[in-house]
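Okay, so we've got a single protein chain in two different forms coming up as structure tokens, structure 1 first and structure 2 after it.
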Structure 1
């Protein structure tokens, strides 16, 4: 349900932007007659799209687990750009109309940036188990006992916390260093996973 809504929202946003892009270009290039024609032709479409854009946006907002700074700035920019656009196009004020279009574009890039940050922090929050199964089980096996290419059996390791961190960070013989692929936090969480779920099992 929420994904379908998200796609509808994207579609509405794209259509909305396209209509505004054409209108802004026509206004800026003084094609007033064409602008009036275009406005008349797209009047109903624009009403539907604007309504859909806001309605899906509001629905998606109610589905958010939490509202952060990005959302607030994004919504303020969109809400602020609407009266600017209305006044700008009514008075054929090029500056206001361009400003409004600019604000819409800025709010999209913010939305995009916010999404990027969310996926970034998701990788960070990958649990030790997931990291282990993705990066380590190739040689060690999901249970730590596989021993491929000389990998040590992690169920019987005698290394302490610091010793495990050391090996993951710097590597040893056939095992590569994970200094550059995993963050200190991720190494910490995979180490805890080895100690609680593999060692001694």
Structure 2
């Protein structure tokens, strides 16, 4: 369910951004008649997308074991941008509408930054357990069973040693690739930790 919700959220984000991009461009180019036609034709779709965007985002937030500063700032920017957009497009205020769109883009950039921080840069001199807790526990949980964002339950995985290495190295679905952030020895260490401390427990 979490994987499906994550993909749905990504879809809602893309559609939400496209709708506001078109509206902002039309407003800034003084094509008010075309803007009104676009708003009228997409009114229902925009409501559905906006609700889906917020609902899936809130659901995914509730699945996080902890909320960091990037998450708080992202939520604040999105919530602040919505009334700005409503006022901006209603009053055809180019500054407010542009600011709203800018805040939306910044919030998405922060989400990407948070994900980048989760994968991080090269991790040195850590045990397999420490690397797992730093890089993997956010989605898998410390016991490997959390299942956030579609993460598999590592306690019941049927993957063999090489299969685990392959997924850690290259990633799969929503899981990031760690070939550029962990050395082969570190990936081996994490794999061994999964097999000895999590798998079958």
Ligand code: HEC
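Think of the rigid core as the biggest set of C-alphas that the two forms share within 1.5 Å after superposition. Residue numbers count along the first chain shown, from 1. Nothing here was measured: the structure is a model prediction, and the numbers come from that model.
- Structure 2, not structure 1, is the form predicted alone.
- Taking 2 Å as the criterion, residue 182 counts as shifted between structures 1 and 2: its C-alpha moves by at least this amount when the rigid core is aligned.
- After superposition on the rigid core, the Cα of residue 56 moves by less than 2 Å between structures 1 and 2.
- For residue 16, the Cα coordinates differ by under 2 angstroms between structures 1 and 2 after the core has been superposed.
- In the core-superposed comparison between structures 1 and 2, the CA atom of residue 147 travels 38.9 Å.
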